Ligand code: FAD
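Next up: just one chain, as structure tokens, the form predicted alone.
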Amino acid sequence: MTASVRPHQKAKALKPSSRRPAKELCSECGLCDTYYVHYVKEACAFINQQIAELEVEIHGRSRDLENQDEWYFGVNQDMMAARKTEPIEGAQWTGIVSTIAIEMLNRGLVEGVVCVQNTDEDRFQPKPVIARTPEEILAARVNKPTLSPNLSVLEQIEQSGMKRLLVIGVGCQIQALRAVEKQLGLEKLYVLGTPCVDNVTRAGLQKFLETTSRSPETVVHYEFMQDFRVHFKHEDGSIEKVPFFGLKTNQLKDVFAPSCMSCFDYVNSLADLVVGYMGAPFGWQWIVVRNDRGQEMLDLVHDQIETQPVMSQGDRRNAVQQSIPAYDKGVTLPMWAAQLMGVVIERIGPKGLEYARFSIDSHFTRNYLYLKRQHPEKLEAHVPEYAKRIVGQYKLPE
């Protein structure tokens, strides 16, 4: 007796050159590179925003809109700052994501891990893989700042007969994954999310590095940090810091992908466990446990990490309100003024969860304006209710 053919198995992946169903808002998540393109109209985060409905399916409830913390951080049952007591060499932070993935594989909880390595030719060109060994997971350490088709491996997963899987990914990928989860033939899916904002195409990344770093060709990775500076790590181990306020926004406005300019899922609402840094003190990682699967994953490494409670300090609101028109007009400060402003804000500015709120507010107000101007017809359905409430706290330019 042969297994029945499922509807998506008759579909054909789109050719790399063909126009994507989400058009210019496509985030290249990889779904359309597989026969799961069959479900794209329901699954794509930029065609059918359905965070609240999927939260109920995944976490058993959606955000409590009476609770402002959930507007920002989503459904969660625990939150903390953490770091590995023995960091992984070459990891972006201390290596918590890689360590959880390796533990899950070693203990037989999963048979494979969807993660992103880079191509041999280019450290910033993403190469999604299904890792089956600790070595393959370690080869994927460090965030890739470029759009990455993580879901392009989904066809291989179904064909391999794999039944237990961990997927590491960002919000738009995870929304599409959750929408097709029941079609993957899995018995158990774990999702480890990272927060994500302002991804770029490979060409956009080159422009960003060339306009911002003193040595673009030696940058290994970079991150927009809690001290209001972009930290570039170079091949020789040195860290270059450039203040946010000194970025050439007039030249950089078009480098971020239109999908990222239309995204309201910075904190990866549909993952089981989220590991980032923006709500934690400098040098620590920020962990959000969304459900029991997330707790199960975190428990695997409890003896390898130290933790502390999250903290929140300062008031972001003035800084956000002032930055809205400045960004909108592409204002760039001379570097001495940017350095000075960076020092002041580092002393008196928002810290911990308040810094995370600052970052979310700044991006959501910018993205709301972008959508209102570029795709007004999508504004009502595409912006989740929690994001409308966040944006509603501020006065926006026309």
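One-based numbering along the sequence shown. Only a predicted model underlies this, so the values are computations on that prediction, with no experimental measurement involved.
What follows is about the form predicted in complex with flavin-adenine dinucleotide, which we do not show.
Contact annotation: Arg293 falls outside 4.5 Å of flavin-adenine dinucleotide in the model of the complex, judged by heavy atom distances. When contacts are judged by a 4.5 Å heavy atom cut-off, Leu298 does not count as touching flavin-adenine dinucleotide in the model of the complex. In the model of the complex, flavin-adenine dinucleotide sits within 4.5 Å of a heavy atom belonging to Tyr277. Contact check for Arg229: no non-hydrogen atom falls within 4.5 Å of flavin-adenine dinucleotide in the model of the complex. For the options Asn143, Thr212, Gln251, Thr307, the one in contact with flavin-adenine dinucleotide in the model of the complex, meaning a heavy atom within 4.5 Å, is Asn143. Distance criterion of 4.5 Å from any heavy atom to flavin-adenine dinucleotide in the model of the complex singles out Glu223 from the list Glu155, Glu223, Glu111, Glu181.
Of the candidate stretches 157 to 165, 239 to 247, 144 to 152, 74 to 82, only 144 to 152 has residues whose heavy atoms lie within 4.5 Å of flavin-adenine dinucleotide in the model of the complex. By the 4.5 Å heavy atom rule, the three marked residues Ser269, Ser312 and Ala387 all fail to count as contacting flavin-adenine dinucleotide in the model of the complex. Taking a 4.5 Å heavy atom cutoff to flavin-adenine dinucleotide in the model of the complex, the contacting residues in 84 to 110 are Ala91, Gln92, Trp93, Thr94, Gly95, Ile96, Val97, Ser98.
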